[in-house]
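The chain below stands alone and is given in structure tokens; this is the form predicted alone.
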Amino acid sequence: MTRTAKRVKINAQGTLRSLMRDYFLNLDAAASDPDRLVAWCTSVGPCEILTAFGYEVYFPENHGALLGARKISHECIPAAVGVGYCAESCSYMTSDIGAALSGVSPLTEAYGISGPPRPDLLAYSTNQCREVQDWWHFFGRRHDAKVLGICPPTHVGEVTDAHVAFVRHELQELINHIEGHLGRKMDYARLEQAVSLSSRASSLWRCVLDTARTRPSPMTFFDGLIHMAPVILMRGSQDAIDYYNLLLDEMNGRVSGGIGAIPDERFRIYWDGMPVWPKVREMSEKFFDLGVAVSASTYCNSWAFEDYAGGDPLEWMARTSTEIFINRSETFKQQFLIEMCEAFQIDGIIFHNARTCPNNTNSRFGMAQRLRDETGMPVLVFDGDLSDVRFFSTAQTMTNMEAFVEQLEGRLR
């Protein structure tokens, strides 16, 4: 069915557009200024350390998402395959490498700049996947830039003091290497400030997401994909805090006024896994037409860290980089999903089996079936990918979504 109701515009989005423009123009200016430094960092990597050293920080995974959202990933991936990168490996990586080899970037059309800034340093954490090492080393060779990284323990159940101590040591070694590379000392007061700002922005982002616990949900997963940008790209800055204060006020106003992102919200769904960036608009419109709010997700919660209460900033960084969902055991993940579904009053769960992203896909080892058996909720698993449209069938997936909602309707009869 097609709904005649109109979407309620999120007013803060105008401010977000200005923030994003300023962020990328600043990176472009820094890359051409010999007195400024640019570092590339993974999205849940040690960006606070880089900020404290005075680097302007760029996140290539965001560029990979932009390539998917602008529907040009499939044009770039063959160039990466041509130099030896497997077409079934991370499509963020292959599309980003392919874009560099092809000389294209969505940043050109959006902001009038040639593309990503040239790095002086590339820093990674493998707490999400090992592919970032190979991705970063490609660009390290391309730009003759130093590549450094940390490798936290993976598939962790309970995060112990020993885990945290191990990762803290790796972070300290990262600092030591950067000090040797730069010939300057870490300013630990500045690091603590960056961590404090990062934690505050993350806490506010969690508060924004938590407004969707109410019925009707004031925002959806698809809104979150847009508004999560500052907590990824601007961690450690006052700009991110100011933005999330603004957005939170608007979402709280919606809650008070009973204003839902989906008028006459009928069902609430949890989304596990990556977005399908080239199809975000179509999926958002489909759920809107079906009267379904995708109220919560694993993906958007990936940047909702625990609060920093002072003390050792490296310990906080070590703990948060180890505790993130993607880095945890199957048992932990399953319990987390159950708790999220209860907290957000979820009616059904959708798992995205992202073909080139096994690390952020949780439907391959029986979890979907176990959750269905334990909670009694309907569960849908669909095949797709974060960026590569070769692995996604629009017609089949939309039909499956409709059938899934019919299943939810059947439970009310």
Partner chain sequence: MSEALYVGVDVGSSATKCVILDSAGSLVGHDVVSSGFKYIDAIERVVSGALDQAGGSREDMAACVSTGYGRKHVPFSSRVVTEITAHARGTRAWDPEVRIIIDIGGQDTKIIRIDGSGQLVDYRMNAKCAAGTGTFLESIAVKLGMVLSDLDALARKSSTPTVVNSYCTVFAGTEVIERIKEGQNPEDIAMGLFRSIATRIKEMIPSRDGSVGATGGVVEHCPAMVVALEESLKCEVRLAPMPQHAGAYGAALLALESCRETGSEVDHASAG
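Computed from a predicted structure; not experimentally measured. Residue numbers count along the first chain shown, from 1.
Not pictured, yet referred to below: the form predicted together with the partner chain.
Across the options 380-388, 27-35, 40-48, 53-61, residues that bring heavy atoms within 4.5 Å of the partner chain in the model of the complex belong to 380-388. Taken together, the three residues 369, 395 and 410 all lie with some non-hydrogen atom within 4.5 angstroms of the partner chain in the model of the complex. Although the partner is absent from this view, residue 22 stays clear of the partner chain in the model of the complex, with no non-hydrogen atom inside 4.5 angstroms.
Although the partner is absent from this view, residue 286 contacts the partner chain in the model of the complex, with a non-hydrogen atom inside 4.5 angstroms. Residue 399 belongs to the set of residues with a heavy atom inside 4.5 Å of the partner chain in the model of the complex.
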